[in-house]
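A single chain, nothing else alongside it, follows as structure tokens in the form predicted on its own.
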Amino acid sequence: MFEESDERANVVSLDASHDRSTFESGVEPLDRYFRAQIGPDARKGMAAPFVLVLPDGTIVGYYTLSATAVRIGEFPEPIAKKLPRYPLVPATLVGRLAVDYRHRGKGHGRYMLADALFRAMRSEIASFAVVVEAKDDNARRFYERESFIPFSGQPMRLYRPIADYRKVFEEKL
């Protein structure tokens, strides 16, 4: 899961210097969000956007992170039983993740997901799990291949406990 996507590419925080106009994932809601809404969401503290860029400035992909909470009853019983009896469990939301269609099939999505998981894991803000909301069946299958688990009765909303990744990242460091 944690291989390099392209040693020349780098994940950085999105800023005004990044040209978003040519990015096309082929998923209209993700493209519209990236062109029109990601900036205002970042300025209002609604999402932290990150981009995977090539040395020439080409944006290969993007993702967003934000805080969220999950009702304890949404987790499977074996997991929920081990958690404190708080009504809401803190989590990190990967709200959007998209790769430009011209750069698909090169591991960029997996690389950005690993970067997002690493940022969530090393954050000083408590988070039990990373939550994703797949936009379509292709995205759902991608997350399931990366060991995300669908919430009961919500096949497009998936999670993975952050603790599952601590050992993997510690081995890589």
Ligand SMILES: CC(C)(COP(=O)(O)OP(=O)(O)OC[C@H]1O[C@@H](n2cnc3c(N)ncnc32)[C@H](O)[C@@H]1OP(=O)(O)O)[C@@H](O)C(=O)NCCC(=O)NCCS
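For clarity, every value in this text was computed on a predicted model and none was experimentally measured. Residue positions are given as counts along the sequence shown, with the first one as 1.
Not pictured, yet referred to below: the form predicted together with this ligand.
- Heavy atoms of no residue among Ile72, Pro78 and Tyr159 are located within 4.5 Å of this ligand in the predicted bound form.
- For this ligand in the predicted bound form, the listed stretch (35-43, 108-116, 64-72, 123-131) containing residues with heavy atoms inside 4.5 Å is 108-116.
- Put simply, Phe50 is far from this ligand in the predicted bound form: not one heavy atom of it is within 4.5 Å.
- Among heavy atoms of Asn138, some come within 4.5 Å of this ligand in the predicted bound form.
- Remark: Ala98 counts among the residues lining this ligand in the predicted bound form, judged by a heavy atom distance of 4.5 Å or less.
- Put simply, Phe148 is far from this ligand in the predicted bound form: not one heavy atom of it is within 4.5 Å.
- Contacts of stretch 22-54 with this ligand in the predicted bound form, defined by any heavy atom lying within 4.5 Å, are made by Val27, Leu30, listed in sequence order.
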